[in-house]
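In structure tokens, the next block holds one chain alone, the form predicted on its own.
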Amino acid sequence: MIIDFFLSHQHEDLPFVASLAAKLEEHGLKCWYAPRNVNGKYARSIANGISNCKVFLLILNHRSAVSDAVLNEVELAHNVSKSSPYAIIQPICTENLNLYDPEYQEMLYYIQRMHFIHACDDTVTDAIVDELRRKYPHLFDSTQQRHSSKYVVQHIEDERLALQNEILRRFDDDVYQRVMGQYSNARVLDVGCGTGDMLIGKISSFQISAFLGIDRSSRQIETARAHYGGDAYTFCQMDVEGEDFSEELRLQLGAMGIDSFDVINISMLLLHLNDPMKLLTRLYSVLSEDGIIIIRDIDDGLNFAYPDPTNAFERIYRMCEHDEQSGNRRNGRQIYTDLHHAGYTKIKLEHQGLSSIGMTLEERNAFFNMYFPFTLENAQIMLQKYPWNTDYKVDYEWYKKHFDNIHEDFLKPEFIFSLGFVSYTAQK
């Protein structure tokens, strides 16, 4: 997954880093810093973050200048930037420092010709963000094109979700039927509800005493209200990554006259978040003692296509992993661990992999249109945003040229395609 800024720092500067990241994220930019964004093995997570960042922010002072860990990160960023347009090193100096002193020579080797941003002290000011905006206007400007999830263009996402919901109804319908069947008068929270169609279509036959759908898109919420609002169904615009989210959710619970939810649903949202575990932790407090959380997400590591003699489908998967519109395409594998760390128990992987086996020709075509036209359009968007990136140019031209052949292969009755959707349930 591509990120905008990787913040490299010595551990004593964590408050500064967290504050700077928060200011940048207010502009819709994606930031990565340790330990907040570390998942799995520490060193591997650091390396992945650096390899996929556009700008490497080096928080520079007397502590970080002699830190072996920071120096290792700078060296990795330097190597990444030599062979790709990523990990551009940008030092931010938080104190007066004579880098020509002997102890700083190793760090100076990598940064001596670079333009520093100078912070007046070790507190974050808007001036730092303004300077970053002047130096990297394309990063700030591109956020205006992103959906509220910070990764997807809205009109593309609306079309994709409509197709996706139709295909996914049968993927894990048994999970929803089993979970909803446990409650005689369920209180339901749908996080990232969109227009409400996906979940309400699954649970409309059950008795529901309270339903709250939340989404960052005001347009999606307005549509949901028009179709389903009233009686037990409430829809509110909320930012699940906002600092005030927990308070806003609690206020809405009070307005609805309830204190928790029996069922919490999160469908295809976590892969688009900066910190999925933070949301899971927040939701834990509003899940009833016998409640169940249902999560649907994606992991392209579970994808396969056969036969694929030219590795065309494999190439498309790889393109998606470097596509800002697509989110973290390997997020599905970390959900179990995130749920565990957030305090959930009885975690169960309900389903993994949605395949074309057993689909009619019409269903196969809908399955194809759920994934491939959007990945092609996303490839074009990435090329338009980064025209200097030759990899994006080559990939888009190849994809456009071979798109019809890929579609034709997909519809052949002997061809199998499996997409890495995953479905989890968990309890308190």
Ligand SMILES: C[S@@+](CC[C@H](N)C(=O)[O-])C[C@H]1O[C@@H](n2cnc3c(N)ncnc32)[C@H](O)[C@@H]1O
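One-based numbering along the sequence shown. Rigid core: the largest C-alpha set superposing within 1.5 Å between the two forms. A quick note: this is a predicted structure, and the numbers were derived from the prediction, not measured.
Beyond what is shown, the protein has a form predicted together with this ligand; the following relates to that form.
**Q** Here the chain is shown alone; which of I298, L283, L212, L273 has a heavy atom within 4.5 Å of this ligand in the predicted complex?
**A** By the 4.5 Å heavy-atom cutoff, the listed residue in contact is L273.
**Q** Tell me, out of E248, E241, D308, E321, which residue has a non-hydrogen atom within 4.5 angstroms of this ligand in the predicted complex.
**A** If I apply the 4.5 Å criterion carefully, the residue I get is E241.
**Q** Tell me which stretch of 351-359, 217-225, 88-96, 256-264 has a heavy atom within 4.5 angstroms of this ligand in the predicted complex.
**A** Within 4.5 Å of the partner lies stretch 217-225.
**Q** Using a 4.5 Å heavy atom cut-off, state whether G291 contacts this ligand in the predicted complex.
**A** No, G291 sits far enough from this ligand in the predicted complex that none of its heavy atoms falls within 4.5 Å.
**Q** Taking any heavy atom pair closer than or equal to 4.5 Å as contact, tell me whether I316 reaches this ligand in the predicted complex.
**A** No, I316 is distant from the partner.
**Q** Looking at the partner-bound form in the predicted complex, is G332 within 4.5 Å of this ligand by any heavy atom?
**A** Answer no; every heavy atom of G332 is more than 4.5 Å from this ligand in the predicted complex.
**Q** Can you work out whether G194 and this ligand are in contact in the predicted complex, taking contact to mean some heavy atom pair no more than 4.5 Å apart?
**A** G194: yes, in contact with this ligand in the predicted complex.
**Q** E75: after superposing the rigid core, is there a C-alpha shift of 2 Å or more between the shown form and the other one?
**A** Moves: yes, 2 Å or greater.
**Q** Specify closer or farther for E75 and M382: how their Cα atoms are spaced in the predicted complex versus the shown form, given a shift of 3 angstroms or more.
**A** Compared with the shown chain, E75-M382 is closer in the predicted complex.
**Q** Closer or farther: how do the Cα atoms of H78 and M382 compare in the predicted complex versus the shown form, where the change is at least 3 Å?
**A** Residues converge in the predicted complex, at least 3 Å closer.
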